[in-house]
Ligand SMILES: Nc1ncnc2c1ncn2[C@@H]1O[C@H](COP(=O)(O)OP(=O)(O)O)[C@@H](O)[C@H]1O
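Only one chain comes next, encoded as structure tokens, the form predicted on its own.
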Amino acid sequence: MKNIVGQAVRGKDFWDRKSELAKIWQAIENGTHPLLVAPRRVGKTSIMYKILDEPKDDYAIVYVNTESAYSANEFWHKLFNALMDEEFNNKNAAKFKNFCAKLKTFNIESISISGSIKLGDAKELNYAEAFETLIKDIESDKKLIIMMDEFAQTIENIVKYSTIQEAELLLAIHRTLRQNPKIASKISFVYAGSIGLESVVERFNAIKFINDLNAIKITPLSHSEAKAFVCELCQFIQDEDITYLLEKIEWLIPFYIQLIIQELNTLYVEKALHVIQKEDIDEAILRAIECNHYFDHWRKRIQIAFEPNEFKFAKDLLNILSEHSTLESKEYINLGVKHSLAEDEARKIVHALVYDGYINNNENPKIYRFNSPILKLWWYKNVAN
């Protein structure tokens, strides 16, 4: 297994997530539509690649990343292009007799924001109706799974660069498609992304459009899983020092383990070490937080996602947490007043920071802290000061 930091992995480089994969497949087989819920860097895309690369016999799978879609128009283009992808068609032509053939006859010229696809013969169809027509043409005992990565980012893009109404329309159409029994019997949608769909739609009161999704949490590794992961990636660290490493990382997602192991491997070579010790782990962590390209997206994310006064509130809140470790809910409400935010507005921003993996209130509902001590260290050094 290669130690690949900060990128989605496939094949032999994927650390198996048996529990999560089992829950996703169970949801699909039960006829529901999974929403993979987890903060960034937890490994959602790698899990989706695992499903894509190793589908069960009764399913055919298409994966589409819609992160760069800034309108409903662009979203539908990406989805239809994924369905018309040569590799997908060649792989599934025998399974979907008329479906793949009909896709190849589509000459899509444009898809309007108002909701119609303009075909090469100048006919226009409502895109939801066009999609439904295509699905009806599936003649197979194989069910189609469409995995949409970065769907939440697409919705946020549309809100920011187009209109809330357009985002609501796209969400409403998806809900309608999911609840159409003719569609649901032949297709399952899987939604995921590096930001939380719940936090995005909550900000413009659109939770009702996703409350039918089957939310599946992608959790950090257990201590035993994390220990086995470390042993796979690093052959020159003893048990007691693995325990120390995991205590320092605390939030046991693959990214932080891989990042520190990467720095330990470098130290091992540079210093010609025979074995990794605690002081080497401490040095590796300090080296890791010097790698701004692995962390700066955490700052940029809130700057892009929030309005100026909301960004200042979120930044101040994280600055305080990076210095004082915890913050009580009454304190963030007072901080919201400082930035001219109503209590409900401040609460939605805090919820977004929880959904997106910055902070949690797991130990006490009224007390917040950083998820990752490593991110906390980086934030204190590079943003708060």
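Every value quoted in this text rests on a predicted model; they were computed, and no experiment measured them. Residue numbers run from 1 along the displayed sequence.
One more form of this protein exists, namely the form predicted in complex with this ligand; it is left out here, but the text below deals with it.
Even though this ligand is not shown here, does V383 get within 4.5 Å of it in the model of the complex, heavy atoms only? Taking the distances in the model of the complex, the answer for V383 is no, it never comes within 4.5 Å of this ligand.
Within a 4.5 Å heavy atom cut-off, is R17 in contact with this ligand in the model of the complex? R17 belongs to the contact set for this ligand.
Is there a heavy atom of G196 no more than 4.5 Å from a heavy atom of this ligand in the model of the complex? No - in the model of the complex, heavy atoms of G196 and this ligand never come within 4.5 Å of each other.
Partner proximity in the model of the complex: T45 to this ligand, non-hydrogen atom cutoff 4.5 Å: Answer yes; at least one heavy atom of T45 falls within 4.5 Å of this ligand in the model of the complex.
Answer with one of F229, W298, F80, Y268: the residue that has a non-hydrogen atom within 4.5 Å of this ligand in the model of the complex. Going through each option in turn, the one that passes is F229.
Quick one: find which of 32-40, 330-338, 349-357, 313-321 has residues within 4.5 Å of this ligand in the model of the complex by heavy atom distance. Contact criterion met by 32-40 only.
Neighbours of this ligand in the model of the complex among 5-21 [non-hydrogen atom within 4.5 angstroms]: Heavy-atom contacts to this ligand in the model of the complex: V5, G6, Q7, A8, V9, D13, F14, W15, R17.
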